[in-house]
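Read the single chain below, which is given as structure tokens and is the form predicted on its own.
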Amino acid sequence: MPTLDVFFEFASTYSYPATSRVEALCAEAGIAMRWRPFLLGPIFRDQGWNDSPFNVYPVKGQYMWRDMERICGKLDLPLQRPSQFPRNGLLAARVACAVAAEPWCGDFVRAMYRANFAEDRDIARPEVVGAVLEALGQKSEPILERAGTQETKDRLRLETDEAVRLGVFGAPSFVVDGELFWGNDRLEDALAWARRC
């Protein structure tokens, strides 16, 4: 059975509910998965946007926040509209790259989304990312140091390049054996596709 690649961006609203449930759903279905952090900024710039499309198109943004309220309510996820949107998720993405193979990576991903979208914490700040790591029982200093290495920076750049190569244009995106599924509402379709492969 193929692996479900989970492409996510820490500034992405719909990645919050998707990442809250994907790991458990994959485990339940017996499907392997990989965390694939990437950056939407370069992709948006290539489309001529210098901001989130939810800010570029205010009506779309109003709909998205109401939709997020409904989705998070259904999943019993706390939601607080961040005082700054989108937030810079670069450091968190680098940390996720550095720890992607660790069994607790999913816990880190979910905790960072909660910090941003439920607790209105500035996830661009090293002390916030460090506090999340410490709360997970990890030593933050060496992980933050590893996140700042050229190797980790290059890896995140490669993940973003790979997302572009696969046709990813938004987050969350799920890729199964080259087949792309975009959006929180396509997670079940991606899992069904993986079961058929």
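Since we're looking at a predicted model, the values are computed, not measured. Numbers follow the displayed sequence, beginning with 1.
Another form exists, predicted together with another copy of the chain; not displayed. Remarks below refer to it.
Looking at R45, you'd find every heavy atom of it more than 4.5 angstroms from another copy of the chain in the predicted complex. For G148, no non-hydrogen atom is located within 4.5 Å of another copy of the chain in the predicted complex, even though that partner is not displayed. In the predicted complex, no heavy atom of R34 sits within 4.5 Å of another copy of the chain.
Not displayed here, another copy of the chain is approached by L180 to within 4.5 Å at the level of heavy atoms in the predicted complex.
Taking the partner from elsewhere, every residue among I71, K74 and W193 has a non-hydrogen atom within 4.5 angstroms of another copy of the chain in the predicted complex. Contact with another copy of the chain in the predicted complex, defined as any heavy atom within 4.5 Å, is confined among 139-147, 25-33, 124-132, 166-174 to 166-174.
The partner is not shown here, but in the predicted complex the stretch 10-40 reaches within 4.5 angstroms of another copy of the chain through a heavy atom at Y14 alone.
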